[in-house]
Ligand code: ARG
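Here we start with a single chain on its own, the form predicted alone, put down as structure tokens.
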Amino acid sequence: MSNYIWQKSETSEVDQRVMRFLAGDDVVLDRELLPFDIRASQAHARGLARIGVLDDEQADAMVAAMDALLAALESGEFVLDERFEDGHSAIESWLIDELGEIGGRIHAGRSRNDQVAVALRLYMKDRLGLLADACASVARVCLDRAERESDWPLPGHTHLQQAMPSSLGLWWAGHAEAFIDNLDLANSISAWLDACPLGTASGFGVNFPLDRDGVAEELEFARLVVNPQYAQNSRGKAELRALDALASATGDVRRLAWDLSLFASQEFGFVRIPAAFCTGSSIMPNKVNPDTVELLRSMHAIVIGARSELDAVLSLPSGYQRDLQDTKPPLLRAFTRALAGLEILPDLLTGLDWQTERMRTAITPELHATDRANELVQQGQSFRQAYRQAASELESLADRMPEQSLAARGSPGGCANLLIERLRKRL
């Protein structure tokens, strides 16, 4: 690109090496943001018409031209590439090519600063919606399997040591509740950042009586980012909170994937991972590797790495600084990777094949010691007395059945009382 929208004259010199450094990956990243930028630009054009900066015919022509740009983008006819400095300049260039001088009027009353801020907030609202949907899908699979497999015995572990008889129902319901919480958090953070910064320009307001409320309403924002300075200062802050919601979900995916990695090992042998989610070894013909589970586990590292990268960029004073450009790559990278993993997780969980006999026989007699202590408490002993007596009677517990232990665990949320319907109601 040779003519930049910020150039004072066509003859002013621009060092292309510097421009390549300044642009970074903006053109590539903006391919993902361009549909949101187009939508915001259409709302801005209509808003300019409402205050008389454009007439209705001009605004309608702009909106139609941007509809054509979006269609060309979706069909592949238009590609955002090195011809453009970024997505913002691509929209303005398209409008000028299509409409002539009228197209150059789109930038009245805005800056690229509030343009990228609104596109990013629209992007985050969209992606947090996808995150909420993904968490709901995972939770539904977990609750359905918890209900069907509520009384299937499974050794419970603490400290990676066998602890008490547990059940698949308890295991599934625990992961379900985690993802219901993640769904709530995604929705809460989406509501928290549901504010429109468009119309604050470079951070100082503009000389037009912009219909900011009308534009925000058209873009389906709940409210405005009122203060122009804060519209810039909130850049990165909103992205960090969006990554918090994402990290909450991927952290729970990591824990679930860790369980499956252990349970699928030959040493445990509790579950078989569907073949579609496994690969083989390039050298060992006998190997079947649960690669999908392992990469789901590492997904969280990408998210928290992105969060740390973004946080490090934000050591800044008030107002816009070009450093903020570097908040885009980690945000987009993290959401792209994590949402791709969350999309396949429900199918993986649906296809798990539990080895029930292996799970049942892994529950050795001493795991019933806590049940024995609780029985003695019900007979009148203090718990500490019962604890010591049960510890001395481990050899007498050989005739106990896991099903007996599960049936006795009737506390709310326990193995015999999972409260699945209460979790479904939350979901």
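Quick caveat, the model's predicted, so the values are computed rather than measured. Start at 1 and count along the sequence shown; that's the residue number.
Unshown form predicted in complex with the named molecule; subsequent notes refer to it.
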Check your understanding: Is Arg235 close enough to touch the named molecule in the model of the complex, meaning at least one heavy atom pair within 4.5 Å?
Key -> yes
Exercise for review: Considering only heavy atoms, tell me if His159 and the named molecule come within 4.5 Å of each other in the model of the complex.
Suggested key: no
Check your understanding: Taking 4.5 angstroms as the cut-off for heavy atoms, does Arg112 touch the named molecule in the model of the complex?
Key -> yes
**Study point:** Lys328: touches the named molecule in the model of the complex, heavy atom cutoff 4.5 angstroms
**Key:** yes
Practice item. May I ask whether Asp151, Trp171 and His368 all come within 4.5 angstroms of the named molecule in the model of the complex, judged by heavy atoms? Key: no
Practice item. Can you check 260 to 268, 320 to 328, 285 to 293, 68 to 76 and let me know which stretch has heavy atoms within 4.5 Å of the named molecule in the model of the complex? Key: 320 to 328
Practice item. Please pick, from Ala176, Ala306, Ala245, Val116, the one residue with any non-hydrogen atom lying within 4.5 angstroms of the named molecule in the model of the complex. Key: Val116
Check your understanding: Counting only heavy atoms, which residues in 393 to 427 are within 4.5 Å of the named molecule in the model of the complex?
Key -> none
